[in-house]
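Given as structure tokens, the chain that follows is alone and in the form predicted alone.
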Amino acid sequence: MAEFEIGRVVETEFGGKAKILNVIGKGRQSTVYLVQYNSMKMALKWYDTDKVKNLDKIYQNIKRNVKDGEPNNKFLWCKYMTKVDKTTGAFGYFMEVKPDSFEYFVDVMNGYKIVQDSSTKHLTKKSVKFSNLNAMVMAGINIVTAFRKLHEIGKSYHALSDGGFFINTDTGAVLMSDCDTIAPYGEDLDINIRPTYKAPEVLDGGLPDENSDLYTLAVVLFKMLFRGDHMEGRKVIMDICMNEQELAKHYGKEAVFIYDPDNDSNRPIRGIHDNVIKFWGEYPEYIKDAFVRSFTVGKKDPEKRLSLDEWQALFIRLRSEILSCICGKSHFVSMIAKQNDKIFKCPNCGMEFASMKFSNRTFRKPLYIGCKLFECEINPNADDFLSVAGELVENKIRPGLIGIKNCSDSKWSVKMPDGLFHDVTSGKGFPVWNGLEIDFGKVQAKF
């Protein structure tokens, strides 16, 4: 299929018209264009009929997704279909355009993107990194939430790629793409893509389902945290004949996780996999154990993969353990030395931070100005992982006096310096002191 020329008009399924403005990107089986549709700019994904098999299955699936609608606002969903070309059978679909504040996932993994200077036309590298640990962990929580929304409607990814979603590296907001490959459990779109994200049983001919999606999720989270590939180590690099069949073998029947504790044949190579080697040592054991389980026993037995609830709990804990120091460095407290059971010490500048113990977990939460208490931390039954329930703030009138502000809609019972419990309603605050106790209702906390 020849590429559309700029200015070409494409008709929508129901008679509207869209004008081609530019090329956004090209994939193995399609091209994405920027188009003007009515008064809006949208993206048009157009399929190359010479490279796509099962085109009718893909068409019917997209049409169903358009009718069903998006699971939530974390998806760049299929909005409208084009008319089918009577000669070639080619078609496409429209979706919203990625906002400029969102970066391609592959650029986040690489740590940079290639940009063109508008005046000189020179190509240069521009850094693409999370602004802080909190943004990165929030991205993980948002990705898990997006997969949860898919599973609630009985659908899963049948194919995902490095360009399949986008991340705001300042906030951790996520937009999932590749929505044309989202289909109900048990269907076979038979999409020809690289096998990196596919579960071994799908590579072996099985049909995608909820469990295969859990494997795909683990791959996404690994790539985001460690900026590398879960199966690309010495064994894979040494394969000098890396065709599609060999690649499927290394990610399917003969896959070996790069940090498999019982098989060191595929360890990452220094000088090639430096990101993975570096970051593997910077995460708590409970995070590393989750990926070991996902890509060893979980690789062989789909029923033993981490559930969405388990991933959500792990990332909520990871977020709760972030300590952001005034020196500009952030750390996971489970990876730094303690002064004692209650005090954490910044390894960069030596500043000490107190912590709080919650009744529903064994780990302590570090306290620093700006740290937040989330609704899911104080209400075990909450299905809201993003709403802030409280925040540690400095008194505007008395600098140096630290307190916690109730940002929730609930009333808390708090032990004050007078030794008595007082009600603290929404918008009100209370000081952090050595005998502080908070009753959130279903969870209690002590300083």
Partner chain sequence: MFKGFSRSVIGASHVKKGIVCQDSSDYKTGNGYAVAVVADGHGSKKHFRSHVGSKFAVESAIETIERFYEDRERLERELTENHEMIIHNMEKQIVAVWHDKIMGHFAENPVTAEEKKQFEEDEFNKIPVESYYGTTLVTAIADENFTFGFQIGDGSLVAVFDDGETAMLMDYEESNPANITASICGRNAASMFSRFFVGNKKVLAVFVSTDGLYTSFGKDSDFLDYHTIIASQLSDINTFETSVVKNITKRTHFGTEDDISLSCIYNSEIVEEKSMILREKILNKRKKS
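These numbers come from a predicted model, not from an experiment. Numbering follows the first chain given and starts at 1.
One more form of this protein should be noted, the form predicted together with the partner chain, which is absent from this view; the next part is about it.
- Of the candidate stretches 243-251, 359-367, 89-97, 311-319, only 243-251 contains residues with a heavy atom within 4.5 Å of the partner chain in the predicted complex.
- Of the heavy atoms in residue 122, some are within 4.5 Å of the partner chain in the predicted complex.
- In the predicted complex, the partner chain lies farther than 4.5 Å from every heavy atom of residue 372.
- Contact check for residue 288: every heavy atom lies farther than 4.5 Å from the partner chain in the predicted complex.
- In the predicted complex, the partner chain stays beyond 4.5 Å of every heavy atom belonging to residue 187.
- By the 4.5 Å heavy atom rule, the three marked residues 114, 269 and 278 all count as contacting the partner chain in the predicted complex.
- For the residues 239, 341, 282, 303, the 4.5 Å heavy atom test against the partner chain in the predicted complex is passed only by 239.
- In terms of contact with the partner chain in the predicted complex, the residue from 293, 79, 329, 234 that brings a heavy atom within 4.5 Å is 234.
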